[in-house]
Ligand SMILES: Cc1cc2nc3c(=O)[nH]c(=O)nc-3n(C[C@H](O)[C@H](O)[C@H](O)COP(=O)(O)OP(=O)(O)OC[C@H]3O[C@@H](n4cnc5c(N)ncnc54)[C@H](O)[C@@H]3O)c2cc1C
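Below you'll find only one chain, the form predicted on its own, shown as structure tokens.
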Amino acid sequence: MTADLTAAGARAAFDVLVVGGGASGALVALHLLDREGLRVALAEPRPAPARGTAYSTPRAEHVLNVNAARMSAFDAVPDDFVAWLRTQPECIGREDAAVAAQFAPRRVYGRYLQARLDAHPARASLAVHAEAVVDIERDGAGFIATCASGAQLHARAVVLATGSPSATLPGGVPVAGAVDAWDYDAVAEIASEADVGIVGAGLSMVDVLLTLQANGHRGRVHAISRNGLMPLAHAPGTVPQPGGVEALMLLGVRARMRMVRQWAADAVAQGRPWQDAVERLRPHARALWQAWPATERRRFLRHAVRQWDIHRHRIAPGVAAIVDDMAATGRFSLQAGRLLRIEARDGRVAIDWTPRGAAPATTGVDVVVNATGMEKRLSRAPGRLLPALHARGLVAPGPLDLGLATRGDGEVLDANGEVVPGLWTLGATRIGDLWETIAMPELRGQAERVAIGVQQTLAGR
């Protein structure tokens, strides 16, 4: 079913509108299509739904940060991704264990999600509107969503699956010629001899390094981040150790960190990787976050969040080896410091910054790449939709101004702290309430629960 929504002011009616067709939106749509009788629309401006920012990369060097065995899109079918991979040309003839253990290219995973959406028996009934939604307002018991062209979609319920927007450079001042790390084509076009300055040292920075390496880059790469820390590597044979997290629930940030460090030391003493200790926490991150009062959450964000990020959001061993080689051969350096300004100067780009424990310095480069990751705060949300919803009072900041205020399985709370009946969200927008919310194990569970909740809400009206 397709809707003719090309004319400004045109309107089509649905039971559920999913805003955003990346991984989270596609998963919600899949589960909604399982519920017979629902008229579902998906609003996504990208040419191909189900890929989003992470999985739309065309680059083979951008691989998943988790092995294939753990990347099923469905809790009920834990080997679904591996089973699909075995049918693909890249994996024909490979041993099953090797297929499950690989860190597959993210573009292949995007192909998997799109294939699962396209293969759904009710796929033909999904209306895909290839345009961005820029505003949503209440309309009686439902909603009217306005698209960039002026076309309107009416829905009884709306799911905000807006994904992870890119943060701006510190200070929010645009820098002429700056490249966003998530603009994969622009990064790939960086000249091989160019000196590159990267602001940020997380997974986005790693993506940039991998592309530069794949393209035979010969210039110098300088990365600057507040802590000078980058993601650590997965260890083969990591096995989560069961139980024991109850002892952490009543502890503050410092005491928790001491206990986890001891777990890591115990694992190493027993001949196991320290990563076992972090995997032990993995299923309980939401409960551990929610057990803290606001004061401890703030302390975590001030003093410990970067340690959590580099240990929790790890990279494939092969990726780590490439980055280590770039550093060892002097092509890449990472330093801790505070960014002061970035501006064009003497025909190059000057990065003024203060290295940790040293006097202010200037680093001259040819290209600056913004690798500061996703924007977590509603008050700084880019684009038009979330600011419009905030202005209408339909959404409010989540705890500590992180994401949106929500409850339960993703019901959105308005400016008065009341549930907005029929308005749901998942993924990055729930970071304030859930903290760990963007990896596939979290997304796939949230998507199913949101679909169930939406169906129950509509049935009760």
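Residue positions are given as counts along the sequence shown, with the first one as 1. Computed from a prediction, not measured in an experiment: that's the story for all the values here.
Another form, the form predicted in complex with the named molecule, is not on view; read the next lines as being about it.
Per the 4.5 Å heavy atom criterion, the named molecule in the model of the complex is contacted by stretch 44 to 52, the sole one of 44 to 52, 414 to 422, 395 to 403, 30 to 38. In the model of the complex, at least one heavy atom of P441 sits within 4.5 Å of a heavy atom of the named molecule.
Within 4.5 Å of any heavy atom of the named molecule in the model of the complex lies no heavy atom of W84. Interface residue remark: V133 is counted as part of the site for the named molecule in the model of the complex, having a heavy atom within 4.5 Å.
Heavy atoms of G163 reach within 4.5 Å of the named molecule in the model of the complex, making it an interface residue. For the options W308, Y112, F300, W182, the residue carrying a heavy atom within 4.5 angstroms of the named molecule in the model of the complex is W182. Taking the named molecule as it sits in the model of the complex, the stretch 354 to 385 comes within 4.5 angstroms of it through a non-hydrogen atom at just one residue, L385.
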